[in-house]
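Only one chain is included here, represented as structure tokens and corresponding to the form predicted alone.
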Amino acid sequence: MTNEAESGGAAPSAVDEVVARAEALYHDVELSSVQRWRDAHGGAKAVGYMPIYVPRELIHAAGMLPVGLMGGRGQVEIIRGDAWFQSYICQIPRSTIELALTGRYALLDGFLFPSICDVIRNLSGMWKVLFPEKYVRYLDVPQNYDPDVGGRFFGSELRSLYADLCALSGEAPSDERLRASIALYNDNRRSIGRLMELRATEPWSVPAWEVYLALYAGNLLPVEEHTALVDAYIAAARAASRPRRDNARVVLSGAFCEQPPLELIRTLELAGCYVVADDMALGRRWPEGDIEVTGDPIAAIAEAFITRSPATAARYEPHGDRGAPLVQLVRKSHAEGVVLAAPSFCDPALLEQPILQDSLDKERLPWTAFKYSENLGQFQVIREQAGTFADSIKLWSEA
């Protein structure tokens, strides 16, 4: 990082330094930070996983580094990836394939593909064809959220996965080691929870794009380092003096899998929106609350997934109003409106969107909607739309 004091400018603040480190990780498409971790740990293995939910505790307890894979984020030119998928699907599988075929993922020893949609299921099958020497697993999740049914099924899946991961790393499965990993990730989720609370109460102190970078850093850092980074960011942000603007408070919904470009998040705030809650990088906050660290650790992880999973379009909801969780989030965060931002061709998000819109209309909550892709390069139209939405909230909203 360049020291501005050397060129006559002000030295970077503490918050600038934390954000710069997180942004460097965001742009690390070569996974150089993962290579440094492997070198420092005697060549220990690393396992990549796609969003939304993968129990990272299992990878950590097996002695390996969990590495979150969120596509190319507009930083790679997609050439080979387009040859593997039809044109009417989202961008994240294309860029993920591109990164792998160009050697960026060669240092990863395994790949986990959680149940999100049919595209990700198909991607896991392609991976087995393309990289037969790698460990590949599609992580199926329950469609029945009765603990005695879905909980038992998911527990069985997790036991099998943990055994596989330990075989991959050469470690023997250990409940004690798994409980220790759960405790570390509990600490991490608590720190992230404090950051989310700060954003809801003082969004001017922690801009959404900085919060996103702080969360994204957890995809590449060991859990202890990520917790320290989040805590450092909270402390630095609280100490910084940042102006409070008369922005509209909004919830951003729909970005649970393919991530919006960083510049799009900045654009929303430049247009007059404080993003006080969202579902970006949601896997970092999953499950909600602590996982029990006594008793059977596998059963505890399964129970937490069944009973405390955040609502998303990719999660099966057998009963109730699918729009209710979003309405509750708006109320809890004291938001004044909702921005429904879904990736183009994202079947789960786009099929659910009319249901969410209907629920918001019934509650007289303002909303606006647009689509994006991770490689979107033009933001002026979105800025104008978001700016008009923010102005309308300030002028006419009853929220």
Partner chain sequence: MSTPQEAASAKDGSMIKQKEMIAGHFSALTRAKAEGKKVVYTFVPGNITELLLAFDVLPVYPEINALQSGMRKKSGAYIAEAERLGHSEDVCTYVKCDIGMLKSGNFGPTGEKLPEPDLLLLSYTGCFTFMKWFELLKREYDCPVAMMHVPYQGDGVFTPEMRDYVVAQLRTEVVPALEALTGKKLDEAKLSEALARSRVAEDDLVAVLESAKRRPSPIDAYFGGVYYIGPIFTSFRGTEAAVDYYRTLRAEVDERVRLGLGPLTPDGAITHEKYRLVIEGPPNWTNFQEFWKMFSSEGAVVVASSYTKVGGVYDNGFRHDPERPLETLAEYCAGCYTNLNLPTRIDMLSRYVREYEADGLLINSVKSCNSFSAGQLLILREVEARTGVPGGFIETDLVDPRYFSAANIKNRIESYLQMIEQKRRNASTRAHAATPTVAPPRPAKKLEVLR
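Here the structure is a predicted model, which is why all the values come from computation and not from measurement. Numbering follows the first chain given and starts at 1.
Heads up, the form predicted in complex with its partner chain isn't pictured, but that's what we're talking about next.
Only one of 322, 238, 242, 308 lies close to its partner chain in the predicted complex, with a heavy atom inside 4.5 Å, and it is 322. Of the residues given (333, 33, 373, 359), 359 alone sits with a heavy atom within 4.5 Å of its partner chain in the predicted complex. Contact between residue 192 and its partner chain in the predicted complex is not found at the 4.5 Å heavy atom cutoff.
At a distance threshold of 4.5 angstroms between non-hydrogen atoms, residue 57 is out of contact with its partner chain in the predicted complex. Under a 4.5 angstroms non-hydrogen atom cutoff, its partner chain in the predicted complex has residue 125 among its neighbouring residues. In the predicted complex, at least one heavy atom of residue 316 sits within 4.5 Å of its partner chain. Exactly one of the stretches 268-276, 228-236, 87-95, 244-252 approaches its partner chain in the predicted complex with heavy atoms within 4.5 Å, and it is 87-95. For the marked spot (83, 129 and 140), a heavy atom within 4.5 Å of its partner chain in the predicted complex is present in each of the three residues.
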